[in-house]
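In C-alpha cells, one chain follows: the form predicted on its own.
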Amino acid sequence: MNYSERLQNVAVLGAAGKMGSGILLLTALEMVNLKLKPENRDKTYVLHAVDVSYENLDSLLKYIREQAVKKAEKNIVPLRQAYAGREDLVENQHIIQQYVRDVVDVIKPTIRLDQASEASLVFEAVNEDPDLKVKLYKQIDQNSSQKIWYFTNTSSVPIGRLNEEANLEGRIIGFHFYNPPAVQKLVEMIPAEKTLPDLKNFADSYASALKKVVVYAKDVAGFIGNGHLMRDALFGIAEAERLSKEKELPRAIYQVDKVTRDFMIRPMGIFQLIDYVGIDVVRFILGVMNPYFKDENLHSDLLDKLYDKGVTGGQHPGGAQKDGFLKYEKGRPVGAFDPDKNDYVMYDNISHQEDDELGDLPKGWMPWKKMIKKKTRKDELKDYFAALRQLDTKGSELAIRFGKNSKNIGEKLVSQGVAQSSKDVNTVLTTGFFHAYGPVNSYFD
C-alpha cells in the first residue's frame, strides 16, 4: 500500500477536540490534494471523524469549512490549475466553494467507533489516558480485517507501552502535533523500538507533505516537550514554595511568574503556562511520567491541593482562559490563588511592592512579542542576558536560577538520549513553545 492508498481510508479519534479537529483538518486537506491529482480522480477518499456526540461534530464541520475557505483563498493559483478541467469553475469564488465542498465531502462524522475499523490509518487524539488509548486500539483491531496503522498524539505515554498492551506488533508511532496543529509547525515523532520501518517512512512522508518541522525523540515518557515542560513547571512551583517561607504564597507566585515571563523574555510566565495547559492535565501527565523516573519525584502536592479544590485552569470551549494558579480578565493575569483562603489575591494590591522587591529589568529589555520579531535577536539576547548577570537584584537572581535549571533539564534530555542533540531540545522549545531562545544556551553559564 503506497502513500496515497494509505490515505484513502482514515479515521481520527477525538475528532472534535482541540487537537483532533486540527489533525482532522490537516488530513482532510492532504486527502483532497491527493484526490485532485489526475491519477487519483477516480479514487474515493474517506475520513471518519469519530467523537462522542453529534453536537460536537456539528461544531467541528463549521470549523473545517471556515479553515478550508482560508486555505483556498491563500492557494487560489494552484487550485485554479488543479480544477483546470472544470468548465463550470470560472470565478475564484466558484473554485473556493468547490474546494470547500471537496474537503467537507471526504469527512464522515460518526459517534460509532466501529467505523474506524474500516480505516487503514487511525489518528488517535483522545485524552492522555494510557488505559483508554489501549482499550480503543483493541476494540478497533478486533473489528478490523486488516492490520491498521496507528498515529498517537500522546505527549507523554511511552509508545512501546501502548504497543505491547494493545498487542499492535509495531503498528503504532508517536506523532505529537503541537497545539494548534493547523498552525504549529512542530511535530515530535516518537518511533517505538518495534515500530514498523514502513510506518516510520510513511510518517516521514506525511509530515513532509504537511511541511512540518520534525524532531525525533526517544521513546521515554514525556519525550522532549513534556520532558522539559513538566520539570520546568515543577521547578517554578518549588521556587514559589521556597519564597513562600518569607512571604504569602500569592506574592511568591506573582514574583516567579513575572520573572519567568519578563526577566526571561518568555511568551508566558510559568504559572500562566501551567494554567494554559491545565492544572489537571499537568498533574495527570506528571502521574504518567513519574513511575518511569525512579531518581526523580515528578509530583507536586500544591498541584494536588488546587485540583482537589476544583481549580483546574485550561480553556473554556470558546478558547478563553479558565482561572487556575492565576485569575484572568480578558486573557490577562490579574490575581494569584491563595489555597489557604480559597480565593484570589488581586495584583492591584500586591504588584507595586513585589515589583520593587524584584528590582528593575536589565538594560536592553524588550517584551517577548517584540523580541521574537527582531532579526538581530541573537545579538539582542546576548547583550540583554549579559546585562542581567551584572545586576544584583532579586529579579536577576531568580531569573539566573531558573535559566540554569532549565538549561540543566535540556542537557539531561540529551545525555539520556531522549533528544538527539541540544539543537533538537532548542527546536522544540522555540518552535513548539514559541520561546525566543532555546534552554541549552550560553546565557546562563
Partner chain sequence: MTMRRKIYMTAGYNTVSLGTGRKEFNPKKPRPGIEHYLNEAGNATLKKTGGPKNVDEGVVGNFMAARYNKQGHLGAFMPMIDEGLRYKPSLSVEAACASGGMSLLTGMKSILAETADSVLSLGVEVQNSVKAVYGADILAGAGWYQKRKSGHAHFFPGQFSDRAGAYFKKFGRDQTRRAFARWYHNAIENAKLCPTAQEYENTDMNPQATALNTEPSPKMFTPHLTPLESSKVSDGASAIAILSEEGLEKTGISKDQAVEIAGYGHAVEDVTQDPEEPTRLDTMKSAIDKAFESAGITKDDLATVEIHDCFAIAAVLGVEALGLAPHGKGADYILEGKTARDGELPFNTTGGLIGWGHPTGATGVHMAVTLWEQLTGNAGEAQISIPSDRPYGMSINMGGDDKTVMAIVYKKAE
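Quick caveat, the model's predicted, so the values are computed rather than measured. Positions refer to the first chain, counted from 1.
There is another form of this protein, the form predicted together with its partner chain, and it is not shown here; the text below is about that form.
Within 4.5 Å of some heavy atom of its partner chain in the predicted bound form lies at least one heavy atom of residue 96. Contact check for residue 92: a non-hydrogen atom falls within 4.5 Å of its partner chain in the predicted bound form. Under a 4.5 angstroms non-hydrogen atom cutoff, its partner chain in the predicted bound form has residue 76 among its neighbouring residues. Although the partner is absent here, residue 328 lies well away from its partner chain in the predicted bound form, with no heavy atom inside 4.5 Å. Of the candidate stretches 81 to 89, 335 to 343, 109 to 117, 302 to 310, only 81 to 89 contains residues with a heavy atom within 4.5 Å of its partner chain in the predicted bound form. Only one of the listed residues (69, 52, 46, 36) places a non-hydrogen atom within 4.5 angstroms of its partner chain in the predicted bound form, and that residue is 69.
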